[in-house]
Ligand SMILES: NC(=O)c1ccc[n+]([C@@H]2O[C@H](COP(=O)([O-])OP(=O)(O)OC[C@H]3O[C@@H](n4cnc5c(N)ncnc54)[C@H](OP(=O)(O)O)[C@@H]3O)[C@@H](O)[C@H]2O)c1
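Listed next as structure tokens is one chain, alone, in the form predicted alone.
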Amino acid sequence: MSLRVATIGRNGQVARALASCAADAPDLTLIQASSAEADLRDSDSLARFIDAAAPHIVINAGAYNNLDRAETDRDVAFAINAEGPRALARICAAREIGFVHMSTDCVFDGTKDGAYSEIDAPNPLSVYGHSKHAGEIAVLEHNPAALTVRVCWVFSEFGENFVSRMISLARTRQDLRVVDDQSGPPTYAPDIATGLLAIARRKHAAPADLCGLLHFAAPGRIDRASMAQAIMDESRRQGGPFTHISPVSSVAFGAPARRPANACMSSDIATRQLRLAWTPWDAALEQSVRGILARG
């Protein structure tokens, strides 16, 4: 019997990476819902989708993830990032369906010198971070058997992300100001998708396994300005647009939402338990740029 996995969210880069990975998995059936089909602000629509999909595992890949807009859109951010996961946790618990929720490094304040582990205490800096932390708490409260997976600095050829934004801006800008005092591990979405499907198989085989928190983050570290420069270099190499990168401080850049200066998270536990493999940064960037340029 095929393992049935349902995702809340269909258009984001992790959801699209899941679809790509699932296409090569004959033992798995993936059912994905857009926000029109399963709205995180409407618990009834979530229940209807899950009942129709009849999955063994639900992965919540949907979120309100516009950090800056969330500063003035608090109610919507909390409705989607906190109340939506709360409803999903309840629905899955009542139906004895495995539940995997996705969260973010932005639950941390970024003041730690090294990589954050699962036992480090959250201390969000932004409305977005607070809403995601509230979602984590709600999932744990209403579904102790659920697993929350934190990810950070996700990029890929799928959807919209830092790589696609830099390439898009390079088409019309002669200079891009990018902060150089925020650093983190660029993490390739297909690697995250592969790990999520490994979790789905594990939780289907042993529902009580893999509960609580896990971090999914690549082992590297780079600052945002250097990452932007690497994107420009790769885009130029492939015949795409490129422009000059001007490093600036976060204070000088003046974004409405504060970001952690250190977004690094340790994936030691997840890597050991799931035997995760991380695509090298250069190879993942090459593939991402190629895919983004191909879609224009």
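Start at 1 and count along the sequence shown; that's the residue number. Please read these numbers as outputs of a predicted model, since none were measured by experiment.
Keep in mind that the form predicted together with the named molecule is missing from the display, and what follows is about it.
Chemist: Please determine whether E157 contacts the named molecule in the model of the complex, using a 4.5 Å cut-off between heavy atoms.
Modeler: Judged by the heavy-atom cut-off of 4.5 Å, E157 is well away from the named molecule in the model of the complex.
Chemist: Q287: heavy atom within 4.5 Å of the named molecule in the model of the complex?
Modeler: Answer no; every heavy atom of Q287 is more than 4.5 Å from the named molecule in the model of the complex.
Chemist: Can you tell me whether I8 touches the named molecule? I mean in the model of the complex, with a 4.5 angstroms heavy atom cut-off.
Modeler: Yes.
Chemist: Can you tell me if V151 lies within 4.5 angstroms of the named molecule in the model of the complex, counting non-hydrogen atoms only?
Modeler: V151 belongs to the contact set for the named molecule.
Chemist: Candidate spot A38, R41 and I80, all three in 4.5 Å heavy atom range of the named molecule in the model of the complex?
Modeler: Yes, the whole candidate spot contacts the named molecule.
Chemist: Using a 4.5 Å cut on heavy atoms, which of A70, I245, I231, A61 is close to the named molecule in the model of the complex?
Modeler: It is A61.
Chemist: Partner absent here, but in the model of the complex, which of 173-181, 202-210, 104-112, 90-98 has residues with a heavy atom within 4.5 Å of the named molecule?
Modeler: Selected stretch: 104-112.
Chemist: Within 114-133, which residues come within 4.5 Å of the named molecule in the model of the complex, counting heavy atoms only?
Modeler: Counting only heavy atoms within 4.5 Å of the named molecule in the model of the complex, the contacting residues of 114-133 are Y128, K132.
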